[in-house]
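Only one chain is given next, in structure tokens, and it is the form predicted on its own.
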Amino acid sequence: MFNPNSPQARDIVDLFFWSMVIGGVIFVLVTGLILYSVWRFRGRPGDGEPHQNPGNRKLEIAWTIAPTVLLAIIFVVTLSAMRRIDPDPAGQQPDVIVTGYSWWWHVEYPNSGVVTANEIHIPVGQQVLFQLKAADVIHDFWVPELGPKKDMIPGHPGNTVWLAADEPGIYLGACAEYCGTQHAWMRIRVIAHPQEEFDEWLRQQASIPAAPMSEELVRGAQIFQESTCVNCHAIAGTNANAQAGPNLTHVGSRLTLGAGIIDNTPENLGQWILNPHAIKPGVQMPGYNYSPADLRALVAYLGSLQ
């Protein structure tokens, strides 16, 4: 959060910085006065009963008015920052819909029909409106370099957040509301592209993967279709259309697996298919006991879904 890369993130850091400066000045002032009073008015041998001062009306008025004025200023500045960071969408339709599951992210681009998981792509320099939903328990969407965190509450799909990125790059985020065993590995990657690259990525994601051509890829597709994979996952252009697990239409183009827990390599994908619980304990995906040849074919097929 101390490396802001969006207007929203900069507003948050500025508000935090000046709040800390004000708090620091007050801390030094109060601590200094206490230490001075302890030293200056300390009891000495032979001192009699201290003089009892029933009060000082001017001082009491001053130290009541000063904090009140200071808090009023902080309130106005905070309210102004909140309105800039999280303006009312005013009926605007979301550009991206993110749904939190245990423990991964379902990502939709309603204007293009693109569906992906865990990795969110946005164009650089544009304000993108996110609608945030939860499918099971309360989650919290937070990409610190890009903006505020916002709760995702089951049954309340109205939460929105604006995100933008000043520069191309990969911005890491996570679920910020404890949601169960693998809360710590419910990671987010927001990948910001120049507009042309983002448009190309969107076109590529909207396309249906090419039909498998080699014998191994055909075998891998057959294994996928005949296994229980189709009960949880979807691949465009096939009869797999379930939504219990991440959409796999272009899984081969993603950087990570398991919501960020391992890199997306053929070796890691094979290990994930065989025993996901060894990598991410508690995950709802079962392991599979494929033969080495069948596993290679399935991994090759999924890796071809670019």
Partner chain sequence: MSNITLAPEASDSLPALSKPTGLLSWIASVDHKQIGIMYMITALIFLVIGGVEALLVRLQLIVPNAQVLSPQTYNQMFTMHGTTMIFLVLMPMLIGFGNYFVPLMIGAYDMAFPRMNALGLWLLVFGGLLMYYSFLIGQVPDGGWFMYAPLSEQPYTSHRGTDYWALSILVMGIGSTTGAINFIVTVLTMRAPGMTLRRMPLFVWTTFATAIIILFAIPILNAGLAMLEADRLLGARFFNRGGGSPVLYQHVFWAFGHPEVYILILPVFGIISEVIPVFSRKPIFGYEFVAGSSFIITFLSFGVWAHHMFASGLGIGFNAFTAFGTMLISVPTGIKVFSWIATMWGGKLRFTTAMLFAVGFLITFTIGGITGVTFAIVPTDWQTTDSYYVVAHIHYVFVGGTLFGIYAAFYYWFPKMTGRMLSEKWGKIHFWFNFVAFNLTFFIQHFLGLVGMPRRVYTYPDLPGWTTMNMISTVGAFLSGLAHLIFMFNVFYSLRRGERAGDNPWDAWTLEWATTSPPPPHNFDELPPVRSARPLWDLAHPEDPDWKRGH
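Basically, rigid core = biggest C-alpha set you can superpose within 1.5 Å across the two forms. Quantities reported herein were computed from a predicted structural model and do not represent experimental measurements. Numbering follows the first chain given and starts at 1.
Below, we refer to the form predicted together with the partner chain, which is not included among the displayed structures.
No member of the trio R203, A210 and I273 reaches the partner chain in the model of the complex with any non-hydrogen atom inside 4.5 Å.
Shown alone here, I223 lies farther than 4.5 Å from the partner chain in the model of the complex, counting heavy atoms only. In the model of the complex, the partner chain stays beyond 4.5 Å of every heavy atom belonging to I122.
Remark: V98 does not count among the residues lining the partner chain in the model of the complex, judged by a heavy atom distance of 4.5 Å or less. Using a 4.5 angstroms threshold between heavy atoms, G155 counts as touching the partner chain in the model of the complex. Note on the interface: of 234-242, 265-273, 248-256, 65-73, the segment with non-hydrogen atoms within 4.5 angstroms of the partner chain in the model of the complex is 65-73. In the model of the complex, L172, A174, C175, A176, E177, Y178, C179, G180, T181, Q182, H183, A184 are the residues of 167-184 with at least one heavy atom within 4.5 Å of the partner chain, listed from first to last. With the core held fixed between this form and the one not shown, N239 has its Cα displaced by under 2 Å. Superposed on the core, the two forms barely differ at T265: its CA moves less than 2 Å between this form and the one not shown.
Taking 2 Å as the criterion, N275 does not count as shifted between this form and the one not shown: its C-alpha moves by less than this amount when the rigid core is aligned.
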